[in-house]
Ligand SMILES: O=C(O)CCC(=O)C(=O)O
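So this first bit is one chain, no partners, the form predicted on its own, shown in structure tokens.
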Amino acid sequence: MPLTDAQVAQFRADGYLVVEDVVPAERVAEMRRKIDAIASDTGGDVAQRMGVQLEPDAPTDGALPRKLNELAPHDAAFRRHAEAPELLEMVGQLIGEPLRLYTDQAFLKPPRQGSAKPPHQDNAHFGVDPADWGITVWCALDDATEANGCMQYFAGSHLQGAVPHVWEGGTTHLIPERLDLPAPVHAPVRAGGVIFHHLQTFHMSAPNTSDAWRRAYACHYIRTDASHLYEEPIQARLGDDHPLKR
């Protein structure tokens, strides 16, 4: 299922691209079940191994997870998604090949409790150089809507280059030292749809004010010839014969 020339051009201009109906429903359901199982025991070994982060303002009678890290090294369901040929074909069109999985994350916005994510550039965390040789592929595991905190993008913001970021006190958020951008655009997407975004595209999400979950699984890919901040991308730890080596 390759991208069209028009879709590639849109990504280049806007810095993000929404593509519906990429991931089969059974794969979406499997990943959602796995995330729910991990998140149901935030103090357990698996959740701790994945560096679980909790919602800061959740009720004290129950810990609510907001983020998990590096799922693919620990679970075959997420590896199957990360190495899906239809996904890799589109990634290759946008950043070139050969490529590898750099890291991955699950983002959870619990109903009525999911917190906002302030505007930021992913490459403030990842340090991929050149930034054009990396990409985030955000897969919706629930229908992402304005009510439950869908992604919002600042179209074309990747063209301004890297902006210095600083840690926001008392949070896990990196935020830009300056932000001079137009209003963001909401990017709703159905479960099974994906959003590709450039590592320097500013994006954010609002709180979940609905009664529905907003879960997502994001894979971050880089070209193997890119330099990067992390010493060992996930791909390096999965072995030389892993299908992601293209």
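Since the structure is predicted, the reported quantities are computational estimates derived from the model, not experimental observations. Counting begins at 1, following the sequence as shown.
What follows is about the form predicted together with this ligand, which we do not show.
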### Query
Of these, 46-54, 174-182, 214-222, 31-39, which stretch puts a heavy atom within 4.5 angstroms of this ligand in the predicted bound form?
214-222
### One residue of 102, 154, 78, 107 in contact with this ligand, assessed in the predicted bound form (non-hydrogen atom, 4.5 angstroms)
107
### Query
Can residue 200 be called a contact residue for this ligand in the predicted bound form at 4.5 Å between heavy atoms?
no
### Close approach of residue 158 to this ligand in the predicted bound form, 4.5 Å, heavy atom
no
### Query
Taking heavy atoms only, is residue 205 within 4.5 angstroms of this ligand in the predicted bound form?
yes
### Summary
Contacts from 105-135 to this ligand in the predicted bound form (any heavy atom within 4.5 Å), listed N to C, are 107, 109, 117, 120, 122
